Ligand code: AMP
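A single chain comes next, written as structure tokens; it is the form predicted alone.
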Amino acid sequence: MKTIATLGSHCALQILKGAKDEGFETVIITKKSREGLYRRFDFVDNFIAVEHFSEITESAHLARLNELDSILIPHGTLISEVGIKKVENDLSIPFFGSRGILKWEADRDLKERLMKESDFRTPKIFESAEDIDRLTIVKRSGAAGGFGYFLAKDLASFNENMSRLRSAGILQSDEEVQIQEYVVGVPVYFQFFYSKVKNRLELIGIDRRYETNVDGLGRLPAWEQLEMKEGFFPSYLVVGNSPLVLRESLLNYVFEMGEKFVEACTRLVPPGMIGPFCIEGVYNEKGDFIAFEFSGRIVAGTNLYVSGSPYSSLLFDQPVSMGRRIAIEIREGVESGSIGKLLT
């Protein structure tokens, strides 16, 4: 039986717990500073301890992973701390899902193209800060978890915030960010799974995110907010997630949106979508969903549903997290002889 491997961060616990529930051996690549955390859990069988996650591409670690007949499950930390180039060129172990989709996720121009090809309603994108004529949110590219995002209403506020981030060493140039219209509404994150084995799209869960300090700011009276505006900068760093159940009348569009995304991936990013992905956006005052991001892999919001969600319960007669759903797909791929089309 193959071994399921992942980096010790983000959603590793549910990935490895789900793998163990489906009968797989598990291996974690963890920073030495976090090794004690993962040794608390009996479902983690093997440990590879590193100082930095980028060391995963070193020959000794790759040899160990291949010796264990490992399949690597990617998540956001693989993108943010190992990097797309190393994932594409140096990570010579079987990889569950589409390796190519991660480049489209990390590159803002490719991301925008794929979302347009999916026929999503999207916010206006400003090519230059000089064109800003409304409230915008300025985002770093890649899996930054909201860190370094800021609001800008005009060129002056854009330059002020960029200067602050440059001084802090977070950004080097304007080329590292995307300027996107800020859509007022309810932020919602749809956790999908596309099964190559069953040839079907599944909605596994829905969540919202808690972001510092914009969510905490709303707990202050307006006069306090006004007094602190000088020198105060909102932060969109994600610190946690909360569950959400959608009005049932809105679900049909959600599935249509997911299916259009899968179809666009098949056309543009062969071999297409494999396994988990997330479409992220806002419901506006009309109840229309405006999509502003996608993630082409498991997202941390799925950690809410280690024992299953209201939506996974409609599909399975047992508790199924996204981590376990991945393991089910791999097991069924092995059993049916179709595992090759799940790996890249």
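From 1 onward, residues are counted along the sequence shown. All of these numbers come straight from a predicted model, not from anything done at the bench.
The next section is about a form of this same protein that is not shown, the form predicted in complex with the ligand.
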Hey, in the model of the complex, does Tyr182 get a heavy atom within 4.5 angstroms of the ligand? yes
Taking 4.5 angstroms as the cut-off for heavy atoms, does Glu105 touch the ligand in the model of the complex? no
If we define contact as a non-hydrogen atom of the residue within 4.5 angstroms of the partner, is Glu293 a contact of the ligand in the model of the complex? yes
With the partner left out of view, is Phe150 within 4.5 angstroms of the ligand in the model of the complex by any non-hydrogen atom? no
For the chain seen here without its partner, which of 112-120, 69-77, 132-140, 84-92 has a heavy atom within 4.5 Å of the ligand in the model of the complex? 132-140
Please pick, from Val306, Val50, Val282, Leu62, the one residue with any non-hydrogen atom lying within 4.5 angstroms of the ligand in the model of the complex. Val282
